[in-house]
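Take a look at this single chain in structure tokens; it is the form predicted alone.
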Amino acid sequence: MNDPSPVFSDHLEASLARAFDILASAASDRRAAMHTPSVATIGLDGSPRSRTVVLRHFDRIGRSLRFHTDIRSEKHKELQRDPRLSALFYDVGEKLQIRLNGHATLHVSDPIADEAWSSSQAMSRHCYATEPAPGSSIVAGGDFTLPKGRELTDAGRPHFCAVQMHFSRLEWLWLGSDGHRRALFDWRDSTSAPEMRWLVP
């Protein structure tokens, strides 16, 4: 006997609520499948570029998420030139894919960046003190330096950037055994409820 389908399988508002619940949980649980989404930017040469980032914060009211990057990275340079980006999340256990589209704001020397830095663990802070810069060509795999040990260090603070993605479009795909469900949620402005509609999976 098959398990009953979840409420969200045929209810748009419940689908959106479930997506927000999972993203909020993934931001605080490093073991969650959606804790490490793929983010795509537009490369400096105009080609698509994607990489995995760590989801650090999710705000359902403000429709935003946050991840961190090094200001010396290509990702930062790409977002400086063109702030459009997309994020792709997948959870094999939930059988759920979430795609977000929006724009980034870059925070380097402001309270958002300061709070993000102060809440980061030592091992995360160390990454921003890497020398030479991320993406630099080196002769051997280990030809770079970074702080050692578990102590907190502020050596990488000048290189740290908190990236906030404000999304205006969310696409949901749930792989159900009795039939998949795909839905689109589109916000036209910051105050209105989203336009919601089902799509063929």
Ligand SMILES: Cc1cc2nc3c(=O)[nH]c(=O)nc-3n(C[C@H](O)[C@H](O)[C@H](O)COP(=O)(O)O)c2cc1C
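Residue positions are given as counts along the sequence shown, with the first one as 1. In this text the structure is predicted, and so the values were computed from the model without any measurement.
Omitted here: the form predicted together with the named molecule. The next part is about that form.
Of the stretches 137-145, 164-172, 22-30, 66-74, only 66-74 has residues with a heavy atom within 4.5 Å of the named molecule in the predicted bound form.
Within this chain, Arg51 lines the site of the named molecule in the predicted bound form, having a heavy atom no more than 4.5 Å away.
Contact check for Thr36: a heavy atom falls within 4.5 Å of the named molecule in the predicted bound form.
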